[in-house]
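Coming up is one lone chain in structure tokens, specifically the form predicted on its own.
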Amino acid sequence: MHQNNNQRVSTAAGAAGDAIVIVGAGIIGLDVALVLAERGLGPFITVIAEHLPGDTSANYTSPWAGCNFSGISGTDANAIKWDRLGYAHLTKLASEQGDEAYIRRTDSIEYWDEHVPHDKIKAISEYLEDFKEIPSQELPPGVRFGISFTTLTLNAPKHIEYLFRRLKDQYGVHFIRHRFPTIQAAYASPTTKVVINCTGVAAKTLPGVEDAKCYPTRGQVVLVKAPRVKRNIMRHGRDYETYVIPRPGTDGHVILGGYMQKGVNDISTYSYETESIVSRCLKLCPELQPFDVIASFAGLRPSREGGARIEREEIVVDGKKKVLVHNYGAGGTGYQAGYGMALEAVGTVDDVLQELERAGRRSRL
């Protein structure tokens, strides 16, 4: 049930619990909550979002992801840094809580038809487990370059449900279902010290943010049952992305994709796209046979010109200066870059958080 007014939102978590308000409960908001909670700030956090893990909506991107760690992310310094931090986090999680977190180490092959990002590949080769370049004579026709390594595959909807439970039960994070009319409305409680904006696609239209650089990137995927598939395979083409991602914690479910349709916000699925995906994936991964199609899904990746925005700013609410942190625009890399992005976003308000940590220590004395 939706909260009906800001007063109910501001009092639901209690005075301490809304010192930090995270707006949005996709993987980006959940990773921010996790980074904060690992600092001992769980009881100070309230996550407020229209959709929570367990929901499905075209406007709630995270449940629809493939998802894995791959070379699909950008080549800029930020993307490379966030990927390194994300891989370390996901690898540790796979080792310590893999089954519970629906995350698994998986053999992976990636191919590039052209535009090979050599500098980026060199950077990721320094930390990817079992990294190897594939000899040119072993590459499929039309492929210019390939690598193999150990990736992390995740069951996206189950992984965010795991984070939701862990944040609530282990760390005492509060969650409230509510849609804010403006970003300023997130400061309804006088005890709120900082708001972290993790609104994804909504950052384009949310009053008080309205970032014109944001745009959706539509994807369609096909969920199949193909128990023979044990490895992750991706092929980066000139105008397509093809991928085969086995889904942890299932009875042989595999995600097939896909599309990267910039600026398209159509949430329908199309049979001709399903046929194209299946055809491309069969060429890439013969061990798909035999398979059964379970369903097709479409989702809107929260993309942004120039890459993700991680920035602290001061805004004025009711005549008072307030701290606002933006963390959105990850596109299709939220799961692999999200933890690194969260570390950076949280770092921008370390001064505010140190005050809360001191207050927490005093309250325990």
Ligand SMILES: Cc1cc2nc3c(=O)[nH]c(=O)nc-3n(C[C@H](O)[C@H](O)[C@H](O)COP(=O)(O)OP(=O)(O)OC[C@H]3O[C@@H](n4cnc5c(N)ncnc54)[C@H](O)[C@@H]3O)c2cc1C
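The first residue of the sequence shown is number 1, and the count goes up from there. Because the structure is predicted, anything quoted here is derived from the model rather than measured.
Another form, the form predicted together with the ligand, is not on view; read the next lines as being about it.
Participant: Please identify, from 106 to 114, 123 to 131, 213 to 221, 136 to 144, the stretch that has a heavy atom within 4.5 Å of the ligand in the model of the complex.
Facilitator: Stretch 213 to 221 is the one.
Participant: State the residue from His89, Arg280, His178, Arg235 whose non-hydrogen atoms include one within 4.5 Å of the ligand in the model of the complex.
Facilitator: Checking each option against the ligand in the model of the complex, the one that comes within 4.5 Å is His178.
Participant: With the ligand left out of view, which of Ala202, Ala94, Val194, Ala188 would have a heavy atom within 4.5 Å of it in the model of the complex?
Facilitator: Exactly one listed residue reaches within 4.5 Å, namely Ala202.
Participant: Taking the ligand as it sits in the model of the complex, is Ile48 in contact with it (heavy atom to heavy atom, 4.5 Å or less)?
Facilitator: Yes, Ile48 is a contact residue.
Participant: Would you check, heavy atoms only and a 4.5 Å threshold, whether Val23 touches the ligand in the model of the complex?
Facilitator: Val23 belongs to the contact set for the ligand.
Participant: Though only this chain appears here, would Gly42 touch the ligand in the model of the complex if you measure heavy atom gaps against 4.5 Å?
Facilitator: No.
Participant: Quick check on Asn59: any heavy atom within 4.5 Å of the ligand in the model of the complex?
Facilitator: Answer yes; at least one heavy atom of Asn59 falls within 4.5 Å of the ligand in the model of the complex.
Participant: Given a 4.5 Å distance limit between heavy atoms, list every residue of 59 to 76 close to the ligand in the model of the complex, or none if there are none.
Facilitator: Contacting residues: Asn59, Tyr60, Thr61, Ser62, Trp64, Ala65, Gly66, Cys67, Asn68.
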